[in-house]
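So this first bit is one chain, no partners, the form predicted alone, shown in structure tokens.
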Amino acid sequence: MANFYRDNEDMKFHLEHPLMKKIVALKERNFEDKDKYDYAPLDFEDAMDSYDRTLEIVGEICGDIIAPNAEGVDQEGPQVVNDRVIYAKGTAENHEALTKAGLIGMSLPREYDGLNFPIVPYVMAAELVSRADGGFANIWGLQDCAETIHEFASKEQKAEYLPRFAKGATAAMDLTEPDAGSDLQAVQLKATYNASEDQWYLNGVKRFITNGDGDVSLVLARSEEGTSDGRGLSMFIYDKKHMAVKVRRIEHKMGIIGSPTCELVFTNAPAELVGSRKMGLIKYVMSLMNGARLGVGAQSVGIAEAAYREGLAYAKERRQFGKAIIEFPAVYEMLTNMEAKLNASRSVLYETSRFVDVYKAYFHISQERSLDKDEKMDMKKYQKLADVFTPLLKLFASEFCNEIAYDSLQIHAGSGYMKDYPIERLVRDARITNIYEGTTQLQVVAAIRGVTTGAYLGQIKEYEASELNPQYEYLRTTLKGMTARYEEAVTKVNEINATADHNDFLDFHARRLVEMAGYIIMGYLLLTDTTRNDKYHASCEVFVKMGKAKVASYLEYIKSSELKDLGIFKK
């Protein structure tokens, strides 16, 4: 099989983004680890070479092991034996290969046996794994839990749990319950403190828990008696060694079958409080979910990459009416649009990852020393950008993933509907991406703040003012026109919304406003990419044309709307 990193030059292109110099400097603290660890980089070039070589290893494992195992895992799936999860044979092989290669806990500091990698190369590894098997990406990607422990747990907890990830420990985040899905404030799993033992115990049920039988679990539980909202919830670490949590069943899912989605029963399960009481949902889960949404963004791009490649290969091979079907305009337009959406998704994925990298690096530095004024301002800037870009990424990457997979199956026609081709599995795997870790509709709720606060417009103006290749000025002119339409739409919605005693008009048009901003932002990102490398010119031009049409249609819809029109849609 191909090396999934080396056969995709887009990965190296994004790895070499100019902002990486700043990210590496912050992450490596002037390369102070070089005197403590023989594998720590000596300078920027050494660090980048390390990322490149490690991603090559990931790409090799993905191409030689994970991808060939994907069909078998999809057919076999995990099972429950004696209240425990048994992975499919291929899943176990995948995890062993990545563990032996030292690819669990990539972003953790070296003192915890991690590689101290920034988020960008870690997310790239997640994309590669997702391209190979979207279901297995969930198991591997839950090492995000280690980052939450690193950020918020005590020194003793970090020393106890973090080194276990490098040895292959699996993880889970136990959040949702039968009556608490998206509304996590409704969580009822009970946490009780036994003062004489200085020990917390958990009792209750969790449902739809990805990799629920993981070795280390982060559990959201109600620690404050008499409460019914988010202020009564705390975060806990549960260690599987206690064997106090039973897997009641594994859900029978449409896709990502290799990833066990479990219903769990906690019975006097010993647990450790993470951070402060009552901050579980307000602070820790929000951080955990942002990381998970970044992970779903990578998963979406990885699955989309696989689906696009399947469609392209089939279109080149399949002959009808005496020629390959890729020669028909109806087909090559589909493929061109798929590639444009894929490139746009990848651009916003790594732009978001870079924003997260900078602010996370400052956060960890602030735990060691006080930040100066400029550092505090820089951290605040990138944190705000990360906060508004994360839901935008999750929304667009997952929706485009579904569209690309759908179109790839369409190119396969009847053959794609059969299990003889991987696209059938990819379509099923893609469908969950715009549902879990917050549906697209919930991403809009989070992203609309970027519209109302002007955060998206501010970043658009920064992109607009950046240095671009003069020969592509016509694309910037188009994007400026789209921005003017976006501002007109925002003004219209705000004016009408201000006349009501509720936000229904804003909420009704929220997705249209967010998507308008997203098309402009991704258009600029592709234009910036084109300035660095002309290979993205075609995708940029196609995507900007698609965006121009979308923005125009959304503005027309908004201009024709009035507050009274909402009654048409109420049931």
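Model, not experiment: these values are computed from the prediction. Residues carry their position along the shown sequence, with the first being 1.
One more form of this protein should be noted, the form predicted together with a small molecule, which is absent from this view; the next part is about it.
Every residue in the set T176, K253 and Q441 has a non-hydrogen atom no more than 4.5 Å from the small molecule in the model of the complex. When the small molecule is considered in the model of the complex, G181 lines it closely, a heavy atom lying within 4.5 Å. Of the heavy atoms in I435, some are within 4.5 Å of the small molecule in the model of the complex. At the 4.5 Å threshold, heavy atoms of F363 stay clear of the small molecule in the model of the complex, well away from it.
Put simply, V445 is close to the small molecule in the model of the complex: some heavy atom of it is within 4.5 Å.
Heavy atoms within 4.5 Å of the small molecule in the model of the complex map, among the stretches 181-189, 120-128, 488-496, 73-81, onto 181-189 alone. The partner is absent here; in the model of the complex, the one residue of F208, Y417, Y472, Y332 having a heavy atom within 4.5 Å of the small molecule is F208. Checking T261, S107, N402, N337 for any heavy atom within 4.5 Å of the small molecule in the model of the complex turns up a single hit: T261.
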